[in-house]
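In the form predicted alone, a lone chain appears below as structure tokens.
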């Protein structure tokens, strides 16, 4: 029988571009911070499961081959592992951690992530983000980049739903409004207007520069345990995992039938909500990691939170941004936080915990007890949806 999983400790550093802040600087700060936040001794950590720091081979080897327990002196550590599923890597780390907890191999698991992209040559970054999510035979040779692929999908989404450029730009305005209130965002204190978005240079029709991701540096860590231990820990509200669902679409956009991921959002969220014994109407906050504006719209449609083809309208009406009745993605997604590789999804889970604890400052959603989080990997190869609550079920 599953013992459940609860996130009981979190820490992160502000997202920014700072090559002087090394990967180990970040990693040590967030690991120590998460353990302290959990209120446990570091030697109570029984395993370290890390998302793969993509495009950073030296750090990948350090993390995969066990350097973190040695550097931190985790005397109770029994195992280490590294997971790579792109943007869903942290989701898989949580699932692997739950397996260790359910099997009795661990009471507390540390999940750390770090990414520094500002010290990488621009040509290497461009090549990595062009080749990693695209088919090497049928897409990449014809000049399709990540932004190019997402631009094509966005164009199709606008055609099928009737969404205007102004409505799509409103998604970025809303995400940046959340980010402007988040001290951890690279865009803290920097909201945008519709004109700011629409007057920025065109990158890949219909995507403007402001609708694309800024590559940045960041890091975060979580400490997780079982529901039972979390309850025994007493003080503070924890984020209890209540339900989970996944769907795979395809590795490359050209083979994909679920073009907007709408059906995978629908199926994975239905599974997660059923396990949690909830409906989408029970959810107080929707956290959607899609990295591009159309995903914020199609996820709402897939969840059943708004009618199909109405996602962009909800954002344009201000329902999903600060003060709206349908708050979404309060950490700003990669558009508002800065893209830190696989670590973007780490920021989603940390923000989920902050919201449930009531620690999100200006961004706080009142009475935030139930949160749905969806992460996606690659160019949208999969959707992994989890429901978290302030109380175990």
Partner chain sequence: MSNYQKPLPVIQPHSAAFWEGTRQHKLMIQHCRDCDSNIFYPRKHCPECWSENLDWIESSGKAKVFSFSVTYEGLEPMFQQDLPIILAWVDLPEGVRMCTNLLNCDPDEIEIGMEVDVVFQQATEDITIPYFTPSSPVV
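A quick note: this is a predicted structure, and the numbers were derived from the prediction, not measured. Numbering follows the first chain given and starts at 1.
Below, we refer to the form predicted together with the partner chain, which is not included among the displayed structures.
Contact check at 4.5 Å (heavy atoms) against the partner chain in the predicted bound form: none of 32, 42 and 105 pass. The partner chain is not drawn, but in the predicted bound form it has no heavy atom within 4.5 Å of residue 116. Under a 4.5 angstroms non-hydrogen atom cutoff, the partner chain in the predicted bound form has residue 136 among its neighbouring residues.
Although the partner is absent here, residue 148 is a contact residue: one of its heavy atoms lies within 4.5 angstroms of the partner chain in the predicted bound form. Within 4.5 Å of any heavy atom of the partner chain in the predicted bound form lies no heavy atom of residue 86. Taking 197, 144, 272, 291 one by one, only a single residue has any non-hydrogen atom within 4.5 Å of the partner chain in the predicted bound form, and it is 144. 255 is the sole member of 279, 255, 193, 232 with a non-hydrogen atom lying within 4.5 angstroms of the partner chain in the predicted bound form.
Heavy atoms within 4.5 Å of the partner chain in the predicted bound form are found in one stretch of 76-84, 118-126, 312-320, 217-225, which is 118-126.
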